[in-house]
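Just the one chain here, the form predicted alone, laid out as structure tokens.
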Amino acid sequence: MPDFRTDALVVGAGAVGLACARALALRRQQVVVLEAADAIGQGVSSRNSEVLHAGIYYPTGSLKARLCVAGNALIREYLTGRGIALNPCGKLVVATSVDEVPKLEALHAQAKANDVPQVEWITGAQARVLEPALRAEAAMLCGTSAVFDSHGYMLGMRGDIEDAGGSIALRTPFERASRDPDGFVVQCGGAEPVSIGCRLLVLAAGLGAQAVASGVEGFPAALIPQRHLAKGSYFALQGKAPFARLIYPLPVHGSLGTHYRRDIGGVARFGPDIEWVEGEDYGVDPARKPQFVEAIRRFWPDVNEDALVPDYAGIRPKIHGPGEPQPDFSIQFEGSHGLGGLAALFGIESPGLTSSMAIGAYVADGLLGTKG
């Protein structure tokens, strides 16, 4: 017998886990969120660009496309309503040479097919009117792209969960889950181990998704995708930020490319690059600086490399390796794994933060069979 029961248990208190818990709590489910760390949002959610993406990059009809576009609108409304910092700066995706223009045209067509609002094709001259220091043959202006306070956003969702009667259990790692007639019994570790019974179980563990799923009794091993770790480093600019808007090159395989943003505090940052790694190492190697300078100079020729300093790094939980096709989000319900009441999330990388509130609604709808 479990020590106590709840309606729903969510593993992981990052942006996606909190959004799932919030969506369930707003649907009158008693929710407990398990988090191994001593604070919310300490994993993937704490080491990203804090960018609200528009939804231009992803195959039409995919979860990434649908949930990114929907999530962008939901989060913008949420941040505005709560007074959480949001800079609706917009984004310029640039073709820096003539031979890149066809690729940008294809991306523009993809954005239109995805019904992304406020997308505009502009010439290089028009782009330089907006951003005089920019090099561009042509550009796509994405009006719904923005920079925001992701930690304020997560704190807001935590408050919503707790206001609805839910709770966040910090320093409480998931150990394993077994089936019982009422759903699941989850064994939790930490200083005070406890077992929790729940009807609904959501696995939103980010980098730990595969390990957590393998600890669920009856979860088919064949449905657990292999984890690949992609490290992204960032460099900061000492001095005045050169652009008001987000500046993105054309995407490369596995990444949106080394881009520019001016964060909420006004600091100019570049990144992430992509480096396939075996373990979680968050140090930034200063030796990567020449690669950053080369990438930045393609769209900002006047960058002063002496003003670039190592900043921070993040790890993305990919479910594809180098050279492999980039898959969609993997959100598995009973129809996939056969375990009623379970939602298992894998490969929730970019645009996971932007999509988080829409992912939460999608998961709650999938588990409860309800809308709204």
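Counting begins at 1, following the sequence as shown. Bear in mind that the values here come from a model prediction, so they are computed numbers and not experimental data.
In what follows, reference is made to the form predicted together with a small molecule, a form of this protein that is not presented.
Shown here without its partner, the chain carries 14, 49 and 174, all of which come within 4.5 Å of the small molecule in the predicted complex through at least one heavy atom.
Put simply, residue 299 is far from the small molecule in the predicted complex: not one heavy atom of it is within 4.5 Å.
Residue contact check for residue 314: one or more of its heavy atoms lie within 4.5 Å of the small molecule in the predicted complex.
Looking at residue 352, you'd find a heavy atom of it within 4.5 angstroms of the small molecule in the predicted complex. Residue contact check for residue 201: none of its heavy atoms lie within 4.5 Å of the small molecule in the predicted complex. A heavy atom within 4.5 Å of the small molecule in the predicted complex is found for exactly one of 34, 331, 339, 319: 34. Scanning 124, 208, 152, 225 against the small molecule in the predicted complex with a 4.5 Å heavy atom cut-off leaves one residue, 208. Note that among 23-31, 301-309, 40-48, 320-328, the stretch whose heavy atoms approach the small molecule to within 4.5 Å in the predicted complex is 40-48.
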